[in-house]
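Given next, in structure tokens, is a single chain: the form predicted on its own.
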């Protein structure tokens, strides 16, 4: 269905969970800018929180996240103490002006901590930031460390959505990426959650894994469709062992080539659409009754550091090592190293260590990029269109990937796999 253009598909482009992307962050933008942004949040502003737990009970070889082995109980205790310290610092600057809409726990693996500590964190967040509101709460879970206690804990904490890192159900692939979790394990986790009223369950899947073929991917999708998760993300594995040494344990010679990866992504798209899922972008899918699918139907899908979302909050505050905060005119990332992060908080400092100030032009470009990825159309301000951009768009038009309809640029059905490439044409920070 989709043509394969190697010069486009093999060109690295950001995922654009923010604009400017993280490659544009610099160390000259730090705690002073972070404090100003928090102080500038107006009364009643919708605020979402993201808490990063950079630890896992077991480290997977493929993982590109900022995480380490949970190991010693003291390490987790020290981190949670720092996290509570950061919560207090941020809450003081925010001064109760924000209106809490959502809380997302990610990692790492949030269930690397003790269930009691999780309950305490949720209670503290809702008490300090919520002002009596009942926010939507989502949690990423490692099924290998999931227990009946955790199912009860999530229900007690009124968690509304749980995401499982599935990647693949194929035993050989699981062994090749260092993540052994039989399908029966996932079935047990899902049954425990649904029995306690948690119905919104997400699966994260991967293509481009060692030894993976379209047929092997399809076998995993058979089980996925049977288990009926609310949302599915089908990501391409990025093999960058120079950045993540743990990936050196993966046999690079067994990885599918670019054309085979494209075929897997395209097949996954066609299979899941055929099973009744609604496409959100090219690699995310949702059941028709899921809030994300409903947002897509009304043009309200957004994009932030959690990927595609129905969250309309303009302010997202990241808490924890490496967490990123998003304000209309600023993006700021916390210190990545957990030890250095703890030292900053212990010294009474905010944790922001690198970021980027977003002027009017960056904000305009961010809106165009987000609209292209989420709604597949945008009407860019003429001031953003220069000869270089027009030349790039002309190439996409010639390939049938975009169409001009009045003032609006539309990504065609053929252009969906290349949405990020098209969006990148508006990225003034990229090397075109």
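This structure is a prediction, so every number in the text was calculated from the model and none was measured. Positions refer to the first chain, counted from 1.
There is another form of this protein, the form predicted together with a small molecule, and it is not shown here; the text below is about that form.
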Completion exercise
Note: exactly one of 210, 143, 85, 130 sits with a heavy atom within 4.5 Å of the small molecule in the model of the complex, namely 143
Fill in the blank from the handout: From 117, 204, 314, 223: within 4.5 Å of the small molecule in the model of the complex by heavy atoms is 204
Handout entry: Proximity to the small molecule in the model of the complex (heavy atom, within 4.5 Å), stretch among 327-335, 265-273, 151-159, 134-142
Key = 134-142
Exercise for the section: State yes only if every one of 65, 107 and 247 has a non-hydrogen atom within 4.5 Å of the small molecule in the model of the complex; otherwise state no. Expected result: yes
Practice task
Examine residue 179 and determine whether its closest non-hydrogen atom to the small molecule in the model of the complex is within 4.5 angstroms.
Solution key: yes
Exercise for the section: Check whether residue 241 has any heavy atom within 4.5 Å of a heavy atom of the small molecule in the model of the complex, and answer yes or no. Expected result: no
Practice task
Would you please decide whether residue 165 lies within 4.5 angstroms of the small molecule in the model of the complex, comparing each non-hydrogen atom pair?
Solution key: yes
Problem - Proximity of residue 305 to the small molecule in the model of the complex, heavy atoms at 4.5 Å - result: no
